[in-house]
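Listed next as structure tokens is one chain, alone, in the form predicted alone.
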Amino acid sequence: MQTYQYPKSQALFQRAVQVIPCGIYGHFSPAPLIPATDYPFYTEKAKGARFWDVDGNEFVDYMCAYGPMVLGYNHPQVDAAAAAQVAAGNCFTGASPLMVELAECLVDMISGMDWAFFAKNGGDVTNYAVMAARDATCRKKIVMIKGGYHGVAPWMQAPGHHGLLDDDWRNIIRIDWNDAAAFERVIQEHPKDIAAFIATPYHVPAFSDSVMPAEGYWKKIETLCRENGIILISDDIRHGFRLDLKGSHHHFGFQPDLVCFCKAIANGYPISALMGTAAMKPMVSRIFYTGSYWFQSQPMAAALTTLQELKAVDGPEKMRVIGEKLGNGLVSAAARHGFDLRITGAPAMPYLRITDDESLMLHQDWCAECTKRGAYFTPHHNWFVSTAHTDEDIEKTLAIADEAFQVVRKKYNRL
């Protein structure tokens, strides 16, 4: 197979570093793409499950814009709904009636939730959830999971990151995932001072395997929260609508007080949602929290259509099937070449790791070899599949992966 080159992408990046901090910052940064010379940095266009970079190279995409493209790029019904709303207007002096329709749709869809509040980013609503929990309980401390990710506000980031103060995490307590006993000990150590427990439905740390909840874990956490007046927050930003259209808490059998959604809610249009129980509504209502573009009607139109489409095609089941087909094919290809490929997490958002080299250099090289042949794989973050991925996409991907395994086997002298 031909391997891709990226001269335009590299030239653009050199221009970017002159006028943009880091050239490309945040989670799109080239830093975790190793070696960076094997990855494109700039995208020209996209359709379905594929995108084309500025050099004209075509990729089957397994990051889906880091999660939002749940129905695939340029979905015709979603984009038509968004375009029609823009033609009528997008940012008004006054809320759109679509806000009411979207809230009603979500309340009907998500298990145990009685209201919805809309913002833009996932971090907007995880932060709001914590504010609401503190207001509801008149307590300060928040319990979260070590290695968990809830956004980039100072309290969300781990100690040692630049730009933070000791006070930013003074009231944050981090415990290990799947350790309900640790949560119980924290409650005993800080009686009447824990405002909330926040976690993703299952654990998705970077650079590490995803970990499902242990049997009975969520029920134990829920019970401890109820017994001690602690607000239970489910951060469903990444997982939401990929595991269960009623919410990932429904999938795993627990009932939170607050649920945070973003990413897949509108297939790439900027909107997030905080949902909660009737008991939490008075506390949320009295907190002033807003944004200049949070009332845009275009993303609300896109979200309504996205949710309707996900329901019509049974999106979670479709992604499970295609994800299992991809994962099983890659594991078999690895085994044929003498490698052990480990896959953790749900098939709709798997984390992959070649276990034969603990340094992960072999895995990095394999992902890079696949990417420069047209299957976009990142080495240290969970992947995403969409309802737009087809059998043809999977077949092409497996052929690319097979050739990439041949290359790394030769490089690492693996027989």
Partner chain sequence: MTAELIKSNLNLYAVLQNLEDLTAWDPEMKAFTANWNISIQFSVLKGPQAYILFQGGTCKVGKGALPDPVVKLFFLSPAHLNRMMDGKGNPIPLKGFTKLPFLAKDFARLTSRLEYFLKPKDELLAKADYLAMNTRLTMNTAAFAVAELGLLDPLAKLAAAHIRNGAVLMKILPDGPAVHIIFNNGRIQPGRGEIDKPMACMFMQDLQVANAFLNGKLDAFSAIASGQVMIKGQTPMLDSMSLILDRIPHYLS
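Worth saying up front: this structure is predicted, and the values here are computed from it rather than measured. Positions refer to the first chain, counted from 1.
Below: the form predicted together with the partner chain, not depicted.
In terms of contact with the partner chain in the model of the complex, the residue from 217, 269, 169, 115 that brings a heavy atom within 4.5 Å is 169. Contact with the partner chain in the model of the complex, defined as a heavy atom within 4.5 Å, holds for exactly one of 347, 68, 30, 374, namely 30. Residues with any non-hydrogen atom within 4.5 angstroms of the partner chain in the model of the complex fall in just one of 80 to 88, 159 to 167, 231 to 239, 275 to 283: 159 to 167.
Using a 4.5 angstroms threshold between heavy atoms, residue 360 counts as touching the partner chain in the model of the complex.
Under a 4.5 angstroms non-hydrogen atom cutoff, the partner chain in the model of the complex lacks residue 382 among its neighbouring residues. The partner chain in the model of the complex comes within 4.5 Å of no heavy atom belonging to residue 387.
Taking non-hydrogen atoms only, residue 42 never approaches the partner chain to within 4.5 angstroms in the model of the complex. Against the partner chain in the model of the complex, the set 92, 121 and 292 makes no contact: no member has a heavy atom within 4.5 Å.
Contact annotation for 1 to 32: residues with any non-hydrogen atom within 4.5 angstroms of the partner chain in the model of the complex are 10, 13, 14, 17, 22, 29, 30, 31, listed in sequence order.
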